[in-house]
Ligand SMILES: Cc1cc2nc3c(=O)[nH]c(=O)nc-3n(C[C@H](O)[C@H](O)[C@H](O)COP(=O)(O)OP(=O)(O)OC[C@H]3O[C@@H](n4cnc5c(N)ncnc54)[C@H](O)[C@@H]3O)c2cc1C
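Read the single chain below, which is given as structure tokens and is the form predicted alone.
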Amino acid sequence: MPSNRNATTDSERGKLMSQKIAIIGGGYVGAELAKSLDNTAEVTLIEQNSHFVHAPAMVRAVVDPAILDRALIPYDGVLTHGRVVQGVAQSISDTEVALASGETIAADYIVVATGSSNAVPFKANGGDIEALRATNGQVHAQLVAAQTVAIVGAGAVGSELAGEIAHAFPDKTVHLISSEATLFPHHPPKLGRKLTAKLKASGVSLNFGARAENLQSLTEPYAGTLSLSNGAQIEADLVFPVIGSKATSTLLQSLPGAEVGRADRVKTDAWLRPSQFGNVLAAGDAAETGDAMTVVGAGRQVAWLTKTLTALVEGKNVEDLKPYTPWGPKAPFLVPLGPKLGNSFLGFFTAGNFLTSKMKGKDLFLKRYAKLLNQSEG
């Protein structure tokens, strides 16, 4: 009897593994989803870069390039049964993904998780990893030489960068500029108040309710004079434009029936389908799923996608499965200001320095993602 049960299990597994899943984008959704489905189906992860770029650690790498090698993690160990294809997806049909190289990858199900772009050196934005390394070194050298630093944009990246610089270089003058009247106005007010107080105590000059009117670049740091809408001028040795992520969604926008929402994110239905193709799903920053562009939101989507795609390859219909439910207003939100300070909203309360440091600030999830991609932590 045991041998018959094992034979049945092997037969069922073989049937499942004959189903092909293509995942486009190796970011927070793509890499973890590919690994979670590696024993369920024939998985192909399509990613243009050779390394996973761990965005929170890239913020700290500006002030501490020593962690850069830990923030850029090779993909070569992530899958055991499936494969990673380094290339650019050019188009999608309901049966295959066409790459810019001319290669086509057949798929029964396709997940598009192409992420978002931000100013360098925080993301690769389609460039190669060696170029990102070089840019990181250049910006770090500019930061070391600068006395006055201006950060335009007080979202998660801008606020965390201000905290990192204040921690690593307490003698520098740091200006944080936002057109919003308060910090993180779409989160509980206590979170913004606590972080504002800590930034001020760290010596960061806060310029809220003022728009930078003469940004010379939206994509890379530079030296120059900022003119603000409130009449103030800031002479900065280094200006970081960090005015928010923008979805990398061109591939999704080309699908039949696709509809573009805010920040170029493509809207999805209740089962994360962005188009008329019933077997194509979208997630992460490129998709308007109801979640913010956060690692926390990506993690929730991965759990749902793993369960749903497993059911689909077993022959179930998607409409018979439970729809995706986004986090909503109680989504956790962690904002470290360097390795020791910060605050986090954890759904029911706002945590302080100790929990924020323990959960994110001290390690920035570096150990977690090294383990996910089967790489050493060093």
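Every value quoted in this text rests on a predicted model; they were computed, and no experiment measured them. Start at 1 and count along the sequence shown; that's the residue number.
From this point on, the text means the form predicted together with this ligand, which you will not see here.
- Remark: residue 295 counts among the residues lining this ligand in the model of the complex, judged by a heavy atom distance of 4.5 Å or less.
- The shortest heavy atom separation between residue 48 and this ligand in the model of the complex is within 4.5 Å.
- When this ligand is considered in the model of the complex, residue 55 lines it closely, a heavy atom lying within 4.5 Å.
- For the chain shown alone, residue 20 is not a contact residue for this ligand in the model of the complex, no non-hydrogen atom being within 4.5 angstroms.
- Shown here without its partner, the chain carries 82, 304 and 313, none of which come within 4.5 Å of this ligand in the model of the complex through any heavy atom.
- Contact with this ligand in the model of the complex, judged as any non-hydrogen atom within 4.5 angstroms, is confined among 285 to 293, 255 to 263, 169 to 177, 147 to 155 to 285 to 293.
- None of 133, 123, 211, 273 but one reaches within 4.5 angstroms of this ligand in the model of the complex through a heavy atom, and that residue is 123.
- Scanning 77 to 95 for heavy atoms within 4.5 Å of this ligand in the model of the complex gives 87, 88, 89 in sequence order.
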